[in-house]
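Next comes just one chain, in structure tokens: the form predicted on its own.
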């Protein structure tokens, strides 16, 4: 427990220290914070519920479009837009979860793919509202809390994204450590036994699904507000795959997997795309294979194994 609390504090301290460690990369830091939040929301489904899905971009995109449209047509207040984005994604999660959670494994994967394709097509068809293939433009956010204007250096955007991520992480931590979170792990391990014990499995999974969707929607809203633009690729199968890759790299169900996987993926993507633009996807694939073979539980599990070996040698 002490180790976990220390690591939680280290995560929050890292978010606070990033502007001092990399003052020239705050825009990249904001992007990483948004992706960490999205990967963390997916971890609730994949890592703790055992539900493999390739449609998580549907909720990210729903939050992005909802916040963007709200900023253009109603209010440019960032906090209000964040709430609208999370609520829109939660509603989509509630409606889609009724259908998706009736299935498992391959069927769930296929239905989740269908969900993200439907949402993407809807965003493309309703171009008068969403901007279609040209993207949603004209988003201009008002100063955060009425005082802090979004600047070109990205300082306000980073602090805003990192603070939102910190609050989301504290909520995520409390959730997975609670009895509710433990019941999700029980469902993942043996759903039939949890049914026999009287656990309302369907209700627990639907609740987790809505919470996960809401967190992804908040990440999407952040993306729309920070970049002041929403493109169709925010709700795409490719982006769903990228988020899943980030989680696998870091380690699903490992609490800190998203905090390791997303930054590593972003840094490697940025570096490889610059050094080898034609083949960077190949190198990403090789890196993923190496992680799967050398550290099947992801980077978090690999780091934990190394730490145990070091402690063992000292003792």
Partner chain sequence: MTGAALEVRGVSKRFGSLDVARNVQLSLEEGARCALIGPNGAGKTTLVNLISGRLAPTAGEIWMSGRNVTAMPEAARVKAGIGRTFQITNLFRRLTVEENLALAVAEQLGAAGRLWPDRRARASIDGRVAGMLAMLRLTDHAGRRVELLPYGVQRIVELALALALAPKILLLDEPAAGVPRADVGIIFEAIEQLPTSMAVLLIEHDIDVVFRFATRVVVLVAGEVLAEGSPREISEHPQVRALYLGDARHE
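Values in this document were obtained by computation on a predicted structure and should not be read as measured data. Numbering follows the first chain given and starts at 1.
The following text describes the form predicted together with its partner chain, which does not appear among the structures shown.
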Going by a heavy atom distance of 4.5 Å, is residue 198 a contact of its partner chain in the predicted complex? yes
Can you tell me whether residue 141 touches its partner chain? I mean in the predicted complex, with a 4.5 angstroms heavy atom cut-off. no
Does residue 182 reach its partner chain in the predicted complex, with heavy atoms at most 4.5 Å apart? yes
For residue 147, is any heavy atom within 4.5 Å of its partner chain in the predicted complex, or not? no
Considering its partner chain in the predicted complex, find the one stretch among 76-84, 215-223, 167-175, 127-135 with heavy atoms no farther than 4.5 Å from it. 167-175
Ok, 232, 156, 205, 211: which has a heavy atom sitting within 4.5 Å of its partner chain in the predicted complex? 211
